[in-house]
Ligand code: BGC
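Below you will find one chain, with nothing else, as structure tokens; this is the form predicted on its own, and questions on how it binds or moves follow later.
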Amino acid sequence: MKKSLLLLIAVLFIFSASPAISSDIFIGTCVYKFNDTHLTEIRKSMLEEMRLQGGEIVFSDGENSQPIQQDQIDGYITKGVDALVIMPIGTTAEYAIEKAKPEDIPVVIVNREPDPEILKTYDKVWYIGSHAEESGLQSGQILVDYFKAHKEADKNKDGKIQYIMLCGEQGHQDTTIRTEYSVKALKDAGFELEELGRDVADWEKVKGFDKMKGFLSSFGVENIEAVISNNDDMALGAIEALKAEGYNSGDNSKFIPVVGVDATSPALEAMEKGELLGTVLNDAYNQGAAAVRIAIKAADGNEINKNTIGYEVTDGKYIWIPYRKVTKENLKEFILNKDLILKPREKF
């Protein structure tokens, strides 16, 4: 508990919104880990949205530990926050609802979808996310287009795609669904596949590098024809391992197509350099903006609908943010719009 409170104090100093505020709304935000690139971009978006709407926001790092995050939720409630935003670890969304409901504190859940039955237990809880099936299909479709355009990518001419799969956190719905649907997209397009290796890298770049290095040692770089990664950080780790073998460094004859998900700034830079084939936008800008708007409006006692927050609300509980494919053809558009601070926003 002591460690969690010290973290809370530290992030209060770093991430509090501008002191020139027009509202006394106080939002406590639990992030499952700060060293996740996509969640960092959601935090940036939330901070900028809070500066515009007015109020105070605090972020805490759960360090991928459920007990730590539960302590942080308790700390926020003790401090008297007006709303909670949770990017949950394990079942901490359920824990947050259980603790917030008696205090009538709104809860906004982002990134990990809880059981729908849990959302029905409280009238002041909402979920913001994206349909994981879309991200899987779109990452697979990027590879479909590549292999249709590059017959030479079938290096051994056996009519199959020999691929590596890098998976996110075990048990996370995005891991399961992105893995399944990326493969489905390729099969639906008529490709035969051979999975050489699959392993869990927990969304992390360093683990992506380590796992890919192991696969290269086991199978040889010359026998791998594609890498499918559940997110960009792991994809970039895989690319570092490939670059150590002389691949994906600008020589088109030594290129293995790697796809990720999230469209983080480092991933877009890697695409610009020709290192990463493509990615899928997991819209941190709109996820962060929606989270802050819901928290503020719900804390003020407003109904949550498109008129009050600017986003469609499905079944009174869900705000779905669509994914978008990012390829070399539309890359420039995403790079120009990536700066979360400068992108235009509306006051709600």
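All figures in this text were calculated on a predicted structure; none of them were measured in a lab. Note that residue numbering follows the sequence shown and begins at 1.
Note that the form predicted together with the ligand isn't included here; everything after this is about it.
**Student:** Between the ligand and L39, W203 and N282, in the predicted complex, does every residue show a non-hydrogen atom at 4.5 Å or closer?
**Tutor:** Yes, all three are in contact.
**Student:** Report the stretch among 117 to 125, 69 to 77, 101 to 109, 172 to 180 that approaches the ligand in the predicted complex to within 4.5 Å, counting heavy atoms only.
**Tutor:** Comparing against the ligand in the predicted complex, the contact stretch is 172 to 180.
**Student:** Even though the partner isn't displayed, in the predicted complex is Y32 close enough to the ligand, meaning a heavy atom within 4.5 Å?
**Tutor:** Yes.
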